[in-house]
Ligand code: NAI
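Single chain ahead, written as structure tokens, the form predicted alone.
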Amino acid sequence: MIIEPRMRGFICLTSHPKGCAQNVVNQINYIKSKGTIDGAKNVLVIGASTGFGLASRITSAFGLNASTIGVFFEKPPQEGKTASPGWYNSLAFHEEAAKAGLYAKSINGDAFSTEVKNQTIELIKSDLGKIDLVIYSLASPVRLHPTTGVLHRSVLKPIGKTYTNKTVDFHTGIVSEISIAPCVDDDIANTVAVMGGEDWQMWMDALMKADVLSNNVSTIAYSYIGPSITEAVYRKGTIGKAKDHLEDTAFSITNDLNKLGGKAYVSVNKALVTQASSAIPVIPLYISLLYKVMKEKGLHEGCIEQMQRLFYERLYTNSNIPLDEKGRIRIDDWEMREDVQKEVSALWENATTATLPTTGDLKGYTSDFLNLFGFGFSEINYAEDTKENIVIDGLISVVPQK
């Protein structure tokens, strides 16, 4: 089968197994180039198949020599249809971990469900005993609540009034004005239910109750703040309320972990091209301008560079992890530097369809977007017939999403 990118809006409907594997190998090679450090030896990554979660798993395995269990919900290939990119990413990760003699097993199912939590606990008990680090990196637009049975859907909307600003169609390069109506009714509550900290708390409660957390265990969830340009639709919008809840949950979990000497952290990460961020109006234009500025200053990072710096310069090389005034780890520090933001703001004011090719890095944005789905890698011959290995060795079970 010849696999080509097929687009629908901000999503790619196809993914390339060899390209996804190359993406994983590139990240592994980056971590290997940095050497290994002492840290967690048994790591659970919830949301382990793409983005920051995948980069966290790679950093844990190849930077800390850790045994890893990954939890994700990805679609395997079907007749005439490719798998989701996270499936191919996980397949490649398992293959590379096996070559390196590293333990790696995964559970494919709805991480919000009680069933997946229980299966994960049983796997920990049978194979690893205790977990030293729990990464929480779920990015889902919907959540079926395991207790109430209510299906919650998140929305990306401002609060209080309509938000109008520039955005870009990264497929065409056309800069236009977009207006987003404010949230209504239960939009905030539903978004908090999906993207807030309740499920993180439920995971930690279940792991603590099952006695599968080690002394001095750490857990980390990922958040984003961003600049004033995007705050109305992001940090001060519905998604921002969810991030506030997530960050508050860290204190609750830390209180629960006191008896183990453990702690929960939130890491505020840089704006990057992900499947989730591509769906947020305004963000693609901001990222294309940010990339331009940060690349010129030699400050640009992708997911794997961010996670390498988080693990190597914060979590496991500092006896006292540096935190901001709200108790958060800041790996967005380079993005939020005053000189960077000043230049991005100036570029934003003059951003048009005509100026963007020179003032922004839309090419870099588009390249990163295609890379998410396994396309755009020079090492891959995309005209070649692709035969798939559809079996992930070490995939424990598939629990259908209800």
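Quick caveat: nothing in here was measured; it's all calculated off a predicted structure. We number the residues from 1 along the sequence you see.
Form predicted together with the named molecule: not shown, discussed below.
Put simply, residue 158 is far from the named molecule in the predicted bound form: not one heavy atom of it is within 4.5 Å. Under a 4.5 angstroms non-hydrogen atom cutoff, the named molecule in the predicted bound form lacks residue 192 among its neighbouring residues.
Contact annotation for residue 271: at least one heavy atom lies within 4.5 Å of the named molecule in the predicted bound form. At the 4.5 Å threshold, heavy atoms of residue 110 reach the named molecule in the predicted bound form. In summary, among the residues 316, 163, 224, 170, the only one with a non-hydrogen atom within 4.5 Å of the named molecule in the predicted bound form is 224. Checked against the named molecule in the predicted bound form, the candidates 178, 210, 139, 323 yield a single residue with a heavy atom inside 4.5 Å, and that residue is 139. Look at 292 to 300, 263 to 271, 181 to 189, 147 to 155: in the predicted bound form, residues with non-hydrogen atoms within 4.5 angstroms of the named molecule sit in 263 to 271.
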